[in-house]
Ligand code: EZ4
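A single chain, nothing else alongside it, follows as structure tokens in the form predicted on its own.
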């Protein structure tokens, strides 16, 4: 089964997506997600100019060999652009193999290890009243686990607060419940870590008092704290029994997690900006984290992320795959299949794509009683409507950035 055609499709139904579409000589189509939020066209060029010419004529069944060829053969390894491009190829080849076998992909990955995937939703509010309304709305949608993000008094717009972002960006400019904005320049947000640290524990106390002890609660620090600040926050959040504290300090400084770990028993989730198992290696081996936040789209595909999770399983570390709406429906489907198959699944981040996105990417997944299931269609279970995709050309968009009160650029 030979790859006959390879094309890169860029579409922006509600946000920008990059999809690799492979077609074999016997007409089987495979899809892969190569979306890199805010830097999409860099991956498009990498794929079109450097990878696609290497794919035509290759045996579509040789997934491992193709992955090693693209990773090792390029000499310049790792990095988000390279790994997103390789991920798209890997996903598309798994899609083809499963379609040829007439099976949903999870069956080729070892079969289902569970009935469905526990997913968490994103509740947020500029104040407690708004936050409580958001939590209730997510519970009504069936979510059994909730990520809690809150406004901070004195800060006008910060990461993760839907109402603040909508007010600042205005309706259609803020799309798919995510902070990326269409436009020529990124939006500036503001930050004050000390104000955040003073405010957040009281928010979780209020949420626990309102919704009880059983509801799993998560929080994303989004890389904004120093190691000492992260350790302090983890300690202060212990009475509220978080499911996890995510990205409490910039992940590049891996030694920092040793300090955080020494001072708190709050579970830690790290890795949405990581690209290979090498980024996770020491964190897993030293048991400095509890959840792997890597994404199929940014970790080089299904093949390497499955291996990463097998390594993590040796240390009782579970998955918490990154799943905002800049992971396209193709990437999300790949993560659902992998999560259903691996033994050490933990939880799946889930944000619903827009109606327009769902018209471009036809999906077979199910959402029922707080659990996701990728469905039982052959392959990934996603079909790309090329005519519909063509209606929505690329539009420049950027994620925001942070400045402190004195004007210093800070981690966003």
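Keep in mind the model is a prediction, meaning the values are calculated, not measured. Residue numbers count along the first chain shown, from 1.
Just so it is clear, the following notes concern the form predicted together with this ligand, a form of the same protein that is not shown.
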Checklist entry - Within 4.5 Å of this ligand in the model of the complex, heavy atoms considered, which of 94, 106, 159, 274? => result 159
Item to check | Partner-contacting position among 37, 348, 66, 357 - heavy atom within 4.5 Å of this ligand in the model of the complex | outcome: 37
Checklist entry - Does residue 293 reach this ligand in the model of the complex, with heavy atoms at most 4.5 Å apart? => result yes
Next on the checklist: Residue-level contact is defined here as any heavy atom of the residue lying within 4.5 Å of this ligand in the model of the complex; does residue 324 satisfy this criterion?
Outcome noted: yes
Next on the checklist: Residue-level contact is defined here as any heavy atom of the residue lying within 4.5 Å of this ligand in the model of the complex; does residue 138 satisfy this criterion?
Outcome noted: no
Next on the checklist: Taking any heavy atom pair closer than or equal to 4.5 Å as contact, tell me whether residue 222 reaches this ligand in the model of the complex.
Outcome noted: yes
Item to check | Location of this ligand contact in the model of the complex, chosen stretch of 324 to 332, 197 to 205, 210 to 218, 250 to 258 [non-hydrogen atom, 4.5 Å] | outcome: 324 to 332
Checklist entry - Along 131 to 149, which positions have a non-hydrogen atom within 4.5 Å of this ligand in the model of the complex? => result 147
